[in-house]
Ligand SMILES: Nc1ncnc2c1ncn2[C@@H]1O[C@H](COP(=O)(O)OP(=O)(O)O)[C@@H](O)[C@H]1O
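This document opens with one chain alone, in structure tokens, the form predicted on its own.
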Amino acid sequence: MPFLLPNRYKGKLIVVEGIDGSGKSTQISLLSRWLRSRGLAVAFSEWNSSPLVRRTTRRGKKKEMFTPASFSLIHATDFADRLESYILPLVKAGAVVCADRYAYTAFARDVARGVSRRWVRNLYSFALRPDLCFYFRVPLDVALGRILGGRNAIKYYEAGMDLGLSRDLEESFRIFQGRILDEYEAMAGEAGFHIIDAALSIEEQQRQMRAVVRERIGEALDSQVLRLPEGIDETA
């Protein structure tokens, strides 16, 4: 997206996006381990993890206090803190940062909650443009099955229950995640997503990701990116 700031540093930013249950977290974890095994300095960042607002976010979710606008703003605060204090310094230093969700998550989720598309994008206009963004496309029923198979229940905000879409949790999930899916699909071309079929095997998805990394930024990884010092355990 042209309004995100271009990366003019030696380090690289690789992000994954997709609806809940798409398997993106598994894939970015595998990719980061593979990059470390090549001797590269790799860091990891995930959505909604800033210590600055973590406690407030948890309290607000527990008490179901957030409006769509306040939810958007607190996530933007979280993102800004992680970008300025963690992601940007590492990229400037020459490291590879692998991010489990990025600004595109806000572009999809906040708009699905009814927040202005233009307002949200202006809110994140300070963000660094990723060098690679993988979008994991998955059918809603597959995503729901994965979530229900991995834990006891769907989360309140994950299902969009705050929007009054349906009294049934699973139906609300389908409607809300369907809206998010529509937003991802609409921005895929503009954002330059590398689309991965998330219904494929874990091994095949990872193979495709590595092939794209080699093709698009392989030369930079070999010549520009910061490498681990000798003696560091590359698989740690």
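Position 1 is the first residue in the sequence shown; the rest follow in order. What you see is a predicted model, and the numbers here were worked out from it, not measured in a lab.
We do not show the form predicted in complex with this ligand, though everything after this point is about it.
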item: Contact residue in the predicted complex, chosen from 53, 180, 35, 198 - any heavy atom within 4.5 Å of this ligand; value: 198
item: Option from 168-176, 181-189, 199-207, 44-52 whose residues, in the predicted complex, bring a heavy atom within 4.5 Å of this ligand; value: 199-207
item: Contact of residue 146 with this ligand in the predicted complex (heavy atom, 4.5 Å); value: yes
item: Distance check, residue 13 to this ligand in the predicted complex, heavy atom within 4.5 Å; value: no
item: Contact label in the predicted complex: residue 224 to this ligand, heavy atom within 4.5 Å; value: no
item: Partner contacts in the predicted complex for 10-30 (non-hydrogen atom within 4.5 angstroms of this ligand); value: 19, 20, 21, 22, 23, 24, 25, 26
